[in-house]
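In the block that follows, a single chain appears as structure tokens, in the form predicted alone.
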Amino acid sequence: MAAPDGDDKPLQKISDAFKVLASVAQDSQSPDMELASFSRACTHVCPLFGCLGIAFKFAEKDFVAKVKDLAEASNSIKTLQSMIEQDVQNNCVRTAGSHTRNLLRVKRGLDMVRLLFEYMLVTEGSSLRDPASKAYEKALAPYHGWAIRKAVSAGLYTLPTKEQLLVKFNEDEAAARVLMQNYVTACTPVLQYVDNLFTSRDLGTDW
């Protein structure tokens, strides 16, 4: 997926979409989270992986494919809960390609972006290598084989600078910092919500 350009404001789109999801995740009186809304919000995150270049090419392809699967599933499945229940009934939760398995992979991608933004907000200088490395090590590396981890490690030296990333985001630093923090704040309860869907059914999330 190509990096955003023109009038596109990917950070603004992500911030807005996840604020909506967070309001659902935090409202105990709300209906279940709609799969269409969730997958649409995740679609806005896809270009961010593309902006990071070859270091996260595998993560980008994987994330985009999984989000596409969830978006297609939303044509016939209304909520995240009903999607998981369907896979539980069909005994295919952990089967490669199942919607539930893909949801877990998407959740890790969202978490990596959340961590990347967190580390960017507190790291001095223009290099993204340290924030990206820490985010990857925490969110994705435990689930990747040696070859992928090696490729990511080598690719870290090709990451854009913070300034180059902001150009791709079409934001100045002040606005970008606010929007990144908005995503971090909104994404946290959404990730917890998805975690709870798994743990409440004794499905676990470490697989």
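All values derive from a computational prediction rather than experimental measurement. Just count from 1 along the sequence shown to find any residue number.
Just so it is clear, the following notes concern the form predicted together with a small molecule, a form of the same protein that is not shown.
Undergrad: Can you tell me if Arg40 lies within 4.5 angstroms of the small molecule in the predicted bound form, counting non-hydrogen atoms only?
TA: Close contact is absent here: in the predicted bound form, Arg40 is far from the small molecule, nothing within 4.5 Å, heavy atoms only.
Undergrad: Can you work out whether His44 and the small molecule are in contact in the predicted bound form, taking contact to mean some heavy atom pair no more than 4.5 Å apart?
TA: Taking the distances in the predicted bound form, the answer for His44 is no, it never comes within 4.5 Å of the small molecule.
Undergrad: Would you classify Ala132 as touching the small molecule in the predicted bound form, given a 4.5 Å non-hydrogen atom cut-off?
TA: It does: once the small molecule is placed as it appears in the predicted bound form, Ala132 has a heavy atom within 4.5 Å of it.
Undergrad: Indicate whether the small molecule has at least one heavy atom within 4.5 Å of a heavy atom of Ala154 in the predicted bound form.
TA: No.
Undergrad: Within 4.5 Å of the small molecule in the predicted bound form: all of Lys13, Phe18 and Lys168, by heavy atom?
TA: No: none of Lys13, Phe18 and Lys168 comes within 4.5 Å of the small molecule in the predicted bound form.
Undergrad: Just one of Leu48, Met180, Leu35, Val67 has a heavy atom within 4.5 Å of the small molecule in the predicted bound form. Which one?
TA: Checked against the cut-off, the match is Leu48.
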